[in-house]
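Below sits a lone chain in structure tokens, taken as the form predicted on its own.
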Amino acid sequence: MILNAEQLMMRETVAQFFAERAPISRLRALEHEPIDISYDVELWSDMVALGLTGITVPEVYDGLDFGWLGLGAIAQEAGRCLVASPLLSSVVMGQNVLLNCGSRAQIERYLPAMLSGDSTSTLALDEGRAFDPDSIVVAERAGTMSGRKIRVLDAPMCSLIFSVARRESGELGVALVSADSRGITASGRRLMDLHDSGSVVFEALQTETIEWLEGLDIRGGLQKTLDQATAVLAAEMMGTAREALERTVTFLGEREQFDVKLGTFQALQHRCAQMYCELELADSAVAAALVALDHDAQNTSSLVSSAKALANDCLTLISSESVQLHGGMGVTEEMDMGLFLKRSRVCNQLLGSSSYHRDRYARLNGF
């Protein structure tokens, strides 16, 4: 990633911040919290104070407009520490579905509270077992909306829910509802990586409590939001992969077997070299996707799918190899390496698996 001076300064600041304030031990503490606590509120407040909520928001809306490459660099640093926060759910998905699908009046009404951290939001999209943004069943009928959304990030702690649903006309829409509205039940589910992926149930939600986003191109805006979120998630995965590889190389350089450092074994060196090559290749694809978002390139969606597929494969390889190279202790509760493996498996399914994005890449390129 070729960053400008301001982006580099922000990345260095965030890297130091996460190293000091968000070590993996802080993530482990969530395991002992109630299920509806998906992240550390104090940590999130400090992230807001750093200005992370406005990284990609245009200056006209009082954002920093650092660009997607800048946010990708920040996501990588978050990935290194496996940080649990609403950075993806609220800052990327919630804010940008509002920016991409909402009217100017709606943006000016809701965005300031998100930037200040007074409210957080999430995007409720998934309904089936696999990620499929084209398969939406939840719909508005006879003045009410009912149905269930799954894999909703940070569902119990958000104050605003952007739910993709079909309007009475049959057209796709994005419904903005308050999380405390009557007829909504948001529940949390802590996954094996200690991050939250809950569900939102609508039970005869009255349509007068729903505000539909009024942008001119809802479908296009939603697709743009998903591309942005997918690219940022891929960047986070690259940070996780790089941290896992660096920890493994350090371990091999320190661990001895029969009075010989494991790092001197050529077979293990070859495995680390292979991981490094795959990491650099995937990292280049992710950078290309982020740059495409910054320049609104025509082939952005193709580059995003390429990046996510390669990021899935890369993190799967590195997390699996890292656990093996640590030996039996790699999956013990005392070591953090097992969490890198678990985070990999969760991220692989979030916002599309490798097979989904390979198929999408092929379709977008005419195959």
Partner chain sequence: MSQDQLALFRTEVSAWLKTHCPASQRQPIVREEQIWGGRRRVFPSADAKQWFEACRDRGYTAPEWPVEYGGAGLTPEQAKILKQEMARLQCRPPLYCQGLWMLGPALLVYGSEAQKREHLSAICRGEIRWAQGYSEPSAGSDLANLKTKAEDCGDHFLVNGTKIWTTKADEADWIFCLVRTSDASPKQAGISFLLIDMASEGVSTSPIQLISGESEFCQTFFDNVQVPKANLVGELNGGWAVAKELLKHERKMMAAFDGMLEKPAMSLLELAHYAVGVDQDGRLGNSELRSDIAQHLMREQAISQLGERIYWQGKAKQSDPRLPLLMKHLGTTETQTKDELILRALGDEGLSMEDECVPEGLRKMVKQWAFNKALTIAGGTSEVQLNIIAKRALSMPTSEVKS
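Numbering follows the first chain given and starts at 1. Treat the numbers as computed from the prediction; the structure is a model and nothing was measured.
The same protein has a further form, the form predicted in complex with its partner chain, not shown here; the description that follows concerns it.
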Quick check: do Thr13, Ser135 and Ile184 each get a heavy atom within 4.5 Å of its partner chain in the predicted complex? no
Using a 4.5 Å heavy atom cut-off, indicate which stretch of 115-123, 159-167, 191-199, 226-234 touches its partner chain in the predicted complex. 191-199
Is there a heavy atom of Arg104 lying 4.5 Å or less from a heavy atom of its partner chain in the predicted complex? no
Evaluate Glu42 for contact with its partner chain in the predicted complex, applying a 4.5 angstroms cut-off between non-hydrogen atoms, and reply yes or no. no
Is Leu252 one of the residues lying within 4.5 Å of its partner chain in the predicted complex, judged by heavy atom distances? yes
Even though its partner chain is not shown here, does Gln257 get within 4.5 Å of it in the predicted complex, heavy atoms only? yes
The single option of Ala142, Ala204, Cys277, Leu216 touching its partner chain in the predicted complex, heavy atom within 4.5 Å: Cys277
Of Glu33, Asp65, Asp46, Asp313, which residue is found within 4.5 angstroms of its partner chain in the predicted complex when only non-hydrogen atoms are counted? Asp313
Could you list which residues of 351-365 come within 4.5 Å of its partner chain in the predicted complex, counting heavy atoms only? Ser355, His357, Arg358, Asp359, Tyr361, Ala362, Arg363, Asn365
